[in-house]
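Single chain ahead, written as structure tokens, the form predicted alone.
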Amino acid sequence: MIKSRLCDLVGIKYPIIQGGMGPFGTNKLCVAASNAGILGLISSSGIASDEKQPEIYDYFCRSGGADPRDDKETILRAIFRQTLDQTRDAGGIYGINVMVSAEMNEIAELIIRTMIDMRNEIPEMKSRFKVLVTSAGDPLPWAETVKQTDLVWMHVMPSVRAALRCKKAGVEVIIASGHEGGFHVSWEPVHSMVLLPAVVEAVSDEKTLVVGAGGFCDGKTVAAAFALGADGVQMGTRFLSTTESDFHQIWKEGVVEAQDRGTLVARGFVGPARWLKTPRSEEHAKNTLIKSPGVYLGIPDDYTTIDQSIIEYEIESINAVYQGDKEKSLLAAGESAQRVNDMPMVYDSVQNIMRETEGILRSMPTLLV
């Protein structure tokens, strides 16, 4: 059995984090992941999708046991309560992923405040709803709020420079997200094989853990992460295509059916995004080159001048997923989609991954002479 510093810090059995894949709900997936002995994450950004992506919003609410007609705090409370109830028997540990970009500031404040309030109100929740994962923004402005709590604070970032800022903020677990990852990826295409060891060398110490994300999907890649100095891994695409995953069936099937070179990068709401390669996404990549070339040049969009038709295309394509329209859908996934060939139960997937990881790590000493 593998027991890393991540397991000790968080209280999980296996050193794996189920990625929070917003704006799409992961309420059911979080429960299954938590009950399987890894860190399950609620993806919270769906709470902000009510106006432009009503199908996402409706599913986000109802899958969490909430009524979409209620106010947002009531909805969040219902989701947090349901997750607590459905992970009780296994004593599962879970957390939440919160986007903290400037445009999400108001909703991020609501999510984090509601989380803190409920943890203070319910002792059991405080002992198991233990982790706050921030992403898509600067962690430093949140330091004062988070450090007044006993939350385990993690932040997802794509560079050594960003990792050093996380360390300055007091983040305990830095998630180094390589360019292989699905949906939102960094402006600079630095992949995990380069990024992860560089971040480990820059920030890992007795107070700061590093987790790899982007391309991790099985025992081989988990073993590689440990070899690169990580304390664990975060997986999104692998758990997207599982029986309990909240994602639409056509999305899960798209991951399973992905072949060699099965993804591409094009625009995705707030910058570069990795999509499964389909006629729809190939058309979107061509539109990106014409209407938003900064995605490929590392230059953020100016929303006052960008051609709004490309944004409308993205919104239409994501809504199409939840309407069951495969031809018009854009399906996000990481490069590892080409290595995900089945749709198992989360528990079975975790067991297979850890069994393979342990076998590889046990065999490594035989390489030494």
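The numbering used is simple: start at 1 and walk along the sequence shown. What you see is a predicted model; the values in this text were computed from it and never measured.
The discussion below concerns the form predicted together with a small molecule, not included here.
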Listed residue that, although the small molecule is not shown, lies within 4.5 Å of it in the predicted bound form (heavy atoms), from N27, S45, S329, N35: S45
Here the chain is shown alone; which of V222, V199, M154, M235 has a heavy atom within 4.5 Å of the small molecule in the predicted bound form? M235
Considering only heavy atoms, tell me if I16 and the small molecule come within 4.5 Å of each other in the predicted bound form. no
Hey, in the predicted bound form, does A333 get a heavy atom within 4.5 angstroms of the small molecule? yes
Exercise: I174 in contact with the small molecule in the predicted bound form, heavy atom 4.5 Å: no
Proximity of G95 to the small molecule in the predicted bound form, heavy atoms at 4.5 Å: no
Residues M99, F247 and W251 are flagged as a possible site; in the predicted bound form, is every one of them within 4.5 Å of the small molecule by some non-hydrogen atom? yes
Region of this chain that lies against the small molecule in the predicted bound form, out of 124 to 132, 256 to 264, 288 to 296, 208 to 216 [heavy atom, 4.5 Å]: 208 to 216
